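Presented as structure tokens, the chain that follows is alone, the form predicted alone.
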């Protein structure tokens, strides 16, 4: 990928749209220059449901980020989420083409294409990522960089992520209507992992769990690479809705109560603690035990973590993540969440905070900005000199059918 101006990350979430602008330093280092957010009302469970509302939210977030950074931007790396996202692992095998059996970049492209061809998605789906995890040279596995090695047979284990083509096209349309081009689509848990995971955790085996507003994204990493992806259609908004119903208070007040007084366990709250709860439909405020709030939060949180546990178990990698779970996303701010996750998942758990540099680093240091920061790190890694292969489809034409559909929609409008 050629270096093309500042790095721009666009995280189109269920509760907010976040734009982060950064400059790339040495190698893969990023320096945050600006950030802008706006409320997201056109996205539900990670999927665009209102084109106009989503476009406006993107425009507002971009404008705020540009003002803070003092630059104009034209393209962005964009996060992808939603229950429509699916993944699978594939294997490609080719014979080394050169007579002297030295492996070249052409052989890498051929074996990745072979992996893609063995897992061609349905006509209504589009490849978002094809990520080579490990290469095998003449039966020797664990090879990360085979170019220059000698061998007669080259194999690759690859992780392939796909999404519903029409839903990706809707996202593309909103971004382009807001005046931006998509530099790359990046899976949400992949981006979050870039921001909050240590290299040692990736190598040992770890799960990143991003609990956002409308979805919970799960990415499992082993031997340094992504091996399983899952998106659950539940998130922090479900907790907020439960509070609104259980305490009979407006949604906005329920969100405030969750942020100000919420936690993951009733046992952490004293019996005599109280909170003021505005009543729905009136200006009256009632005094309630704080435990009444936590008694609403705790079971929904347990349900979400139970779904995460089931997803990890179904992945068949449950025994290969001894580094445990790293929790991020806005809901990770709930006090006691790491302890609750460790108990439910029976794995070590910690809260993941993005680590970045720059004068504006402090404004994006919370877990709610992990995906946005991760987009920056991913973009810097893709632009780094000597990058062998982009983590997109083996054909080299990223979401080509999506672009074609968008052109058809535009001409037909």
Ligand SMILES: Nc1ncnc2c1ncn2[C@@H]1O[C@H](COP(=O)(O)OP(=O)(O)O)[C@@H](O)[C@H]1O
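Quick caveat: nothing in here was measured; it's all calculated off a predicted structure. Positions refer to the first chain, counted from 1.
The form predicted together with the named molecule exists for this protein as well; it is not shown, and the discussion that follows is about that form.
Is residue 218 one of the residues lying within 4.5 Å of the named molecule in the predicted bound form, judged by heavy atom distances?
-> Outside the cut-off, so no.
State yes or no: in the predicted bound form, is some non-hydrogen atom of residue 189 no more than 4.5 angstroms from a non-hydrogen atom of the named molecule?
-> Although the named molecule is absent here, residue 189 would stay clear of it in the predicted bound form, with no heavy atoms inside 4.5 Å.
Partner proximity in the predicted bound form: residue 95 to the named molecule, non-hydrogen atom cutoff 4.5 Å = Heavy-atom contact with the named molecule at 4.5 Å: absent for residue 95.
Taking heavy atoms only, is residue 162 within 4.5 angstroms of the named molecule in the predicted bound form?
-> Residue 162 lies outside the contact set for the named molecule.
Which of 170, 331, 249, 229 has a heavy atom within 4.5 Å of the named molecule in the predicted bound form?
-> Exactly one residue meets the criterion: 331.
Which residue, 315, 109, 176, 237, has a heavy atom that falls within 4.5 Å of the named molecule in the predicted bound form?
-> Contact check passes for 237.
Residue stretch of 271 to 279, 114 to 122, 252 to 260, 135 to 143 approaching the named molecule in the predicted bound form, non-hydrogen atom distance within 4.5 Å | Contact criterion met by 252 to 260 only.
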